[in-house]
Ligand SMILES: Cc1cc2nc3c(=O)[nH]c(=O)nc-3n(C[C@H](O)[C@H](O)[C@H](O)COP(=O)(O)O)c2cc1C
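Below sits a lone chain in structure tokens, taken as the form predicted alone.
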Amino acid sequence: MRIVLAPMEGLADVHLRRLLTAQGGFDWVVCEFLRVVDRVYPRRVFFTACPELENGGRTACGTPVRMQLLGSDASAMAANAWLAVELGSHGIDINFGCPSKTVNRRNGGASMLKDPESLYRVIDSVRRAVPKDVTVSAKMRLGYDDTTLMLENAHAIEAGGADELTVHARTRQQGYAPPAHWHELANIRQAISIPLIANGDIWTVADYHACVALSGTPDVMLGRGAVRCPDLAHRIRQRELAETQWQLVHKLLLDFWFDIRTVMPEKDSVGRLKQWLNHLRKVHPDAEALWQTIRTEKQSRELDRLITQYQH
């Protein structure tokens, strides 16, 4: 069993990664993607995209962080991958799954799933650029419009030299609409020899076991499930079926708030707090009550009081 924290653009930033990994259970984290076009970025860009590089490429509790790169220019991807490793990234992950219309219009992310050869070129170039002992992984979806090229894409990634493959069990067209098609992952697992990591709709410990049964792999990547239930990875490892306790969530929410409010502009920190609470309230009744209490508040000082004094 290996459990990975997913790269959730605009959500799982360095602050949330710190808190989630501190709950235990994660083997490594993939950070938000760095969009590569046609040049090598200066070092400061890498430290901005992945602040953990200044801590040896690990979160505060020691969980390794792997940088994720997104782009279709093979030579630029390779050059940036080399620099990321040089700066301390624990491996390189290549994004072939982003469903963003802006990214896809520029031939990045999931749009590359329409051309398996493009996946091979990028993986091969990156694999050749970084040391042999550095893990090169990729994340893809089942396809763009459908699953017609699913196995060809997986084969191309493996042939390019990837060490691992994570698959979000939906096509780009399906977005995040339920359900995730875990059964399709079994077909991919049987077709490739590199490890497969399952991703999509793992919200509970029971979901984890259902996914393993259908996909045939014990390795998973947790995304929104970990955001809503911060100790989910730990509970999966311990086989704890009990739900995440609100007392833990409230403590983490306070920690998160007093962390971000000191480093972000007021508007941004308030927005990030409400963004996480909006996810939490989908599974925690107390989070819903707190959301209703603070949803119109825009002042940090008043939020300090409301969150601290909230009683369930």
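What you see is a predicted model, and the numbers here were worked out from it, not measured in a lab. A residue's number is simply how far along the shown sequence it sits, counting from 1.
Keep in mind the form predicted in complex with this ligand is missing from the figure; the text below concerns it.
Asks: To verify the annotation, which of these, H155, R121, H90, R224, has a non-hydrogen atom within 4.5 Å of this ligand in the predicted complex?
Replies: Result of the distance check: R224.
Asks: Would M8, Q68 and G200 all count as contacting this ligand in the predicted complex, using a 4.5 Å heavy atom cut-off?
Replies: Affirmative, all three are within 4.5 Å.
Asks: Is there any non-hydrogen atom of S137 lying within 4.5 Å of this ligand in the predicted complex?
Replies: Outside the cut-off, so no.
Asks: Is F26 close enough to this ligand in the predicted complex to count, meaning some heavy atom within 4.5 Å?
Replies: Flag for F26 set to no.
Asks: Evaluate N80 for contact with this ligand in the predicted complex, applying a 4.5 angstroms cut-off between non-hydrogen atoms, and reply yes or no.
Replies: N80 lies outside the contact set for this ligand.
Asks: Looking in the predicted complex, any heavy atom of D286 within 4.5 Å of this ligand?
Replies: No - in the predicted complex, heavy atoms of D286 and this ligand never come within 4.5 Å of each other.
Asks: In the predicted complex, which of the stretches 244-252, 49-57, 32-40, 258-266 has residues with heavy atoms within 4.5 Å of this ligand?
Replies: This holds for exactly one stretch, 32-40.
Asks: Though the partner is not shown here, which residues of 173-195 have a heavy atom within 4.5 Å of this ligand in the predicted complex?
Replies: Heavy-atom contacts within 4.5 Å come from Y176 alone.
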